[in-house]
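Just the one chain here, the form predicted alone, laid out as structure tokens.
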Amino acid sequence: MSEADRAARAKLRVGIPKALNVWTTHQFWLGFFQSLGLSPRNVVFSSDTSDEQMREFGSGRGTVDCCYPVKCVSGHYGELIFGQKRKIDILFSPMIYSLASFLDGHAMDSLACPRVMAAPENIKAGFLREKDVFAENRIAHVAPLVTLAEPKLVPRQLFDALQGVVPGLGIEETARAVEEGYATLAAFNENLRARSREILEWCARERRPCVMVLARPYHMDPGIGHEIEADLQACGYPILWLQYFPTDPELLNWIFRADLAEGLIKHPFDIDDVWPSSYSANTNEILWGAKVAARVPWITCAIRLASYECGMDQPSFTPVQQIVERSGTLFFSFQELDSTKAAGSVKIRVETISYYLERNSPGIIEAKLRHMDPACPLLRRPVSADLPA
């Protein structure tokens, strides 16, 4: 790379919509662009989804889609185009066809929702309807189809999309940047899983309950998930997101010891016993998270979040509920989340959940412990259902 190309890249500003599957892949894109020589300060993400964001930046540019999280992306696009103090040069909005998942090798595929995958081209249309907003603002709209579940294909996909946009870009350099992206994402995931393990260790040591959230990545967005999990945490119950549940072999072998011994599964990551049609990455992980929530003693409640009329989630509503409830674990669902947060209704439901957690958690912990090996890797001493609370 020439000095001129290096200098030009250092000035490039890339805007990425903080929406949909970017919520669990953002570290990949940060690592990738920084490896190409872009300043971390020049890789910017839009803010959390909000009504204000849509009114100010996305009004009149919406496109037809039954998926509320997809429709919200118009506001993210508008904010990156019109709402930056320093103009961006590239609006990078990847069409993520498949996702790297911790269940890879134990599910049939790791595909993304097709509506979510196609969202960048869908939303782009709203900014081309009257005039080409991107050309008018001298912004390159880059939306490559990316198969993150197939790392060997990703360098060519990103090189073809960014060639001519990133000065002096070469395929070998792109491949190295992709490797850095995966490494950055892996390090981030491991850090969050380590923190989740600390929460579990505290719950096991103090004999305290926690809550598992079963949802898609974009429900971490306060404007999509309405911070329901934050309201529960404010009641004193630690929150675990299934995407960042610790995957230490010793812990997973302890959790699934009985299933492995009985031959119900061959590996802790197997979900064939509950979900044989395992093609969707996020759905697969939700089903696996339900199995974990049903077995871990200190997870006394699982919360299912789903957006209004989500076709991808509907087939799994009943299986997830049955998996959790058959273990005696509490289960609550918010299945029609959209733009409206009925504050009073949510507050009442959170208070109801908190009440049942306080009343039932001790009994749930004791009952689940009776089915577990006393040699728990979360504790230095054997754990028993007979220990005092």
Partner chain sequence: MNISAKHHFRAYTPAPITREQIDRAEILFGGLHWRAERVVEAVFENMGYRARALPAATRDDLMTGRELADIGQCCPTSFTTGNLANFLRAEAERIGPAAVADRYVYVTAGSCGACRFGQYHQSYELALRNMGLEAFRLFLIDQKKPDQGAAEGGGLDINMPLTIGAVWAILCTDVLQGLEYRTRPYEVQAGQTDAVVGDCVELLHEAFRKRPYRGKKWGTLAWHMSTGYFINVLREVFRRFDVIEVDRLRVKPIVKITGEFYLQTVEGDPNYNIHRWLESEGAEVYPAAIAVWLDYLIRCEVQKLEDKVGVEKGARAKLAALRGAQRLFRWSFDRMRAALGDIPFEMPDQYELRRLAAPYFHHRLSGGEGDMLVGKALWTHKKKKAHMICELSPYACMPNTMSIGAMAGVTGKYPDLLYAPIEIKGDAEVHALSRCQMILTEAKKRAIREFVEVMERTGLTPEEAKPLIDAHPRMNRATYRIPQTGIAAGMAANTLLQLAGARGTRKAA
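Bear in mind that the values here come from a model prediction, so they are computed numbers and not experimental data. Numbering follows the first chain given and starts at 1.
FYI, the form predicted in complex with its partner chain isn't displayed, but the following is about it.
Within 4.5 Å of its partner chain in the model of the complex: all of Leu36, Val43 and Asn189, by heavy atom?
No, none of Leu36, Val43 and Asn189 comes within 4.5 Å of its partner chain in the model of the complex.
In terms of non-hydrogen atoms within 4.5 angstroms, which of the given stretches 45 to 53, 24 to 32, 322 to 330, 348 to 356 touches its partner chain in the model of the complex?
That would be stretch 322 to 330.
State yes or no: in the model of the complex, is some non-hydrogen atom of Arg295 no more than 4.5 angstroms from a non-hydrogen atom of its partner chain?
Answer yes; at least one heavy atom of Arg295 falls within 4.5 Å of its partner chain in the model of the complex.
Taking its partner chain as it sits in the model of the complex, is Glu309 in contact with it (heavy atom to heavy atom, 4.5 Å or less)?
Output for Glu309 is yes: heavy atoms within 4.5 Å of its partner chain.
At 4.5 Å between heavy atoms, is Lys368 in contact with its partner chain in the model of the complex?
The answer is yes: Lys368 has a heavy atom within 4.5 Å of its partner chain.
At 4.5 Å between heavy atoms, is Tyr97 in contact with its partner chain in the model of the complex?
Residue-level check for Tyr97: yes, a contact with its partner chain.
Just to be sure I understand the contacts: of Val165, Leu145, Ala194, Ala175, which is the one whose heavy atoms reach within 4.5 angstroms of its partner chain in the model of the complex?
Filtering the options by heavy-atom distance leaves Leu145.
Under a 4.5 angstroms heavy atom criterion, identify the one residue in Ala119, Cys72, Leu240, Ile303 near its partner chain in the model of the complex.
Partner contact (heavy atom, 4.5 Å) among the options: Ala119.
Can you tell me which residues in 229 to 268 come within 4.5 angstroms of its partner chain in the model of the complex, by heavy atoms?
Stretch hits, in order: Ala258, Asp259, Glu262, Leu264.
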